[in-house]
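Below you'll find only one chain, the form predicted alone, shown as structure tokens.
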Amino acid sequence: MILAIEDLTVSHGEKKIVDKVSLTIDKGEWFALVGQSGSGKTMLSQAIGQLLGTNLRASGRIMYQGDNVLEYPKEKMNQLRGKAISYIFQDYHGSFTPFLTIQQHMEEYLQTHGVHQKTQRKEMMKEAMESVGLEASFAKRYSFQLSGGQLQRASIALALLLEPDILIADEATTALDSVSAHRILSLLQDLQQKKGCAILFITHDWRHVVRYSDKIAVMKDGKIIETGTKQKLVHQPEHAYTKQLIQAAPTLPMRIREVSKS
């Protein structure tokens, strides 16, 4: 087990956006968190990295290597975020400012996390870019000089620079067409297998869940209503809401939708 979330609650005043959620993610596991918009998925993911807005309050425990990261001071959390827990967001353009090259972003990122030797930084950047199928020379370009697919790959390279234990992909392929989404997810799958990192994959798209995940949790109204292996949830769903989500996915094989009706 690499991460354990215990009774996590995220509140906005009296309203509970995430309500006593518990789940565990194992090392090297692809864990899919599924639910419709507004179910609380993103709030849960942001709580892990202490990225919640100042008007939101998190309680419970998020355990990483024996520590509750919710209790970490800001400086310690800044060091953990990126080095042990890293993010790929839906708005990958927001990972870059147009006034810095991709290389300058990476240089700043590495130096912030204590990598001070120039030769080491250069080698790490080269390896990260090549791992996502981009030549190292692409790092010398600005974000506006890259295509959407290239920039998405660069954002993944940035997230993987320090080889985190946990990679959180929050609707990372929503803005992409189906072909591009498949390429990015296949790339993440290859990197997961090579690097051994766990992936928390947040999505509402069951096509990707069925294809890539090891374990699934279904979220509704801030609560986890069902969890289990892909085999169990896809082929033997128990909760009516899980069955409803599967039935509503038009591109899933008919046999899977038929199973969900039983």
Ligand SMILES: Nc1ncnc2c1ncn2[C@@H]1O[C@H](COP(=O)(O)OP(=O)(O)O)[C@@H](O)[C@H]1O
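Heads up: residue numbers just count along the shown sequence, starting at 1. Computed from a predicted model, the values in this text were never measured in an experiment.
Although not depicted, the form predicted in complex with this ligand is the subject of the following passage.
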item: Segment assignment from 193-201, 206-214, 41-49, 66-74: heavy atom within 4.5 Å of this ligand in the model of the complex; value: 41-49
item: This ligand contact in the model of the complex: residue 245, any heavy atom under 4.5 Å; value: no
item: 4.5 Å heavy atom contact, residue 56 and this ligand in the model of the complex; value: yes
item: Non-hydrogen atom contact residue 231 with this ligand in the model of the complex at 4.5 angstroms; value: no
item: Contact test in the model of the complex: residue 12 vs this ligand, heavy atoms, 4.5 Å; value: yes
